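Read the single chain below, which is given as structure tokens and is the form predicted on its own.
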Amino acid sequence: MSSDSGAVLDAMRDGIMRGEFVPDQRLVETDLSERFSASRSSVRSALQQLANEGLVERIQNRGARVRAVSLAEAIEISEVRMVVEGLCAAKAAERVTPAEADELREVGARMSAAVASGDVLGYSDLNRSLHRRIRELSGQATAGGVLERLRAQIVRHQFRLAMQPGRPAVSLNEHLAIIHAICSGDPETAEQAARGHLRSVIEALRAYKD
């Protein structure tokens, strides 16, 4: 993939994750080419990669659109995440350094402050940052790649959950438990805490009416 295609890919992936492109929205090559000041071949290459990642679907003779993920599929994805996130948390607990532990605790403190002030969007951003940092600390590149794609596919459902009254406070305690276990160098507890968090997400999704 050319650097031009890579830049378009990163911009489009980020746009989908942030909701700038909504489910079922048509993705017209000419419009995207103009928006990103890129060639149509670069846009086409980016769309193909996004289709491979499950973020875009290409329809015969109708072009491409942002793939809509159903609530049932979001639950399935979260079940897979529960296993893989647990693995990453355990690996992170085995590898974490004192400086990295301080970094995680700082993220936890910022998450607590965001919940206390009612900053839902800020908390959501910190949530993503924490999960990404745990993946990085795990050293499990394969698992990290899988999780990045899975999280991107259900970002709409995650945002809806984050906006539910009381949900950030529940989520915060779960994340603080994960942070504590990793910083304590306790792989087994870290894995169980991560699984517990995703189990809570699954229960919230099942209770949610799409």
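Start at 1 and count along the sequence shown; that's the residue number. Bear in mind that the values here come from a model prediction, so they are computed numbers and not experimental data. Take the two forms, find the largest set of C-alpha atoms that superpose within 1.5 Å, and that set is the rigid core.
This protein has a second form, the form predicted in complex with a further copy of the same chain, left out of what is shown; the following refers to that one.
Q: Check, residue by residue, if R133, L137 and A177 all come within 4.5 Å of a further copy of the same chain in the predicted complex, counting heavy atoms only.
A: No: none of R133, L137 and A177 comes within 4.5 Å of a further copy of the same chain in the predicted complex.
Q: The chain here is shown without a further copy of the same chain. Which stretch in 177-185, 162-170, 149-157, 31-39 comes within 4.5 angstroms of it in the predicted complex, by heavy atom distance?
A: Flagged stretch: 149-157.
Q: Exactly one residue in D119, D125, E103, E79 has a non-hydrogen atom within 4.5 Å of a further copy of the same chain in the predicted complex; which is it?
A: By the 4.5 Å criterion, the partner-contacting residue is E79.
Q: May I ask you to state whether H197 is within 4.5 Å of a further copy of the same chain in the predicted complex, using heavy atom distances?
A: The answer is no: H197 has no heavy atom within 4.5 Å of a further copy of the same chain.
Q: Can V84 be called a contact residue for a further copy of the same chain in the predicted complex at 4.5 Å between heavy atoms?
A: Flag for V84 set to yes.
Q: Under a 4.5 Å heavy atom criterion, is T142 part of the interface with a further copy of the same chain in the predicted complex?
A: Heavy-atom contact with a further copy of the same chain at 4.5 Å: present for T142.
Q: According to a 4.5 angstroms non-hydrogen atom cut-off, is S70 in contact with a further copy of the same chain in the predicted complex?
A: So S70 does not count as contacting a further copy of the same chain.
Q: What are the residues of 29-54, in order along the chain, with a heavy atom within 4.5 Å of a further copy of the same chain in the predicted complex?
A: Contacts from 29-54: S45, Q48, Q49, N52.
Q: Please determine whether the C-alpha atom of R13 is displaced by 2 Å or more between the shown form and the other one following superposition on the rigid core.
A: Yes: R13 shifts by at least 2 Å between the shown form and the other one.
Q: On a core-based superposition, does S41 travel 2 Å or more at its Cα between the shown form and the other one?
A: Yes, its C-alpha moves 2 Å or more.
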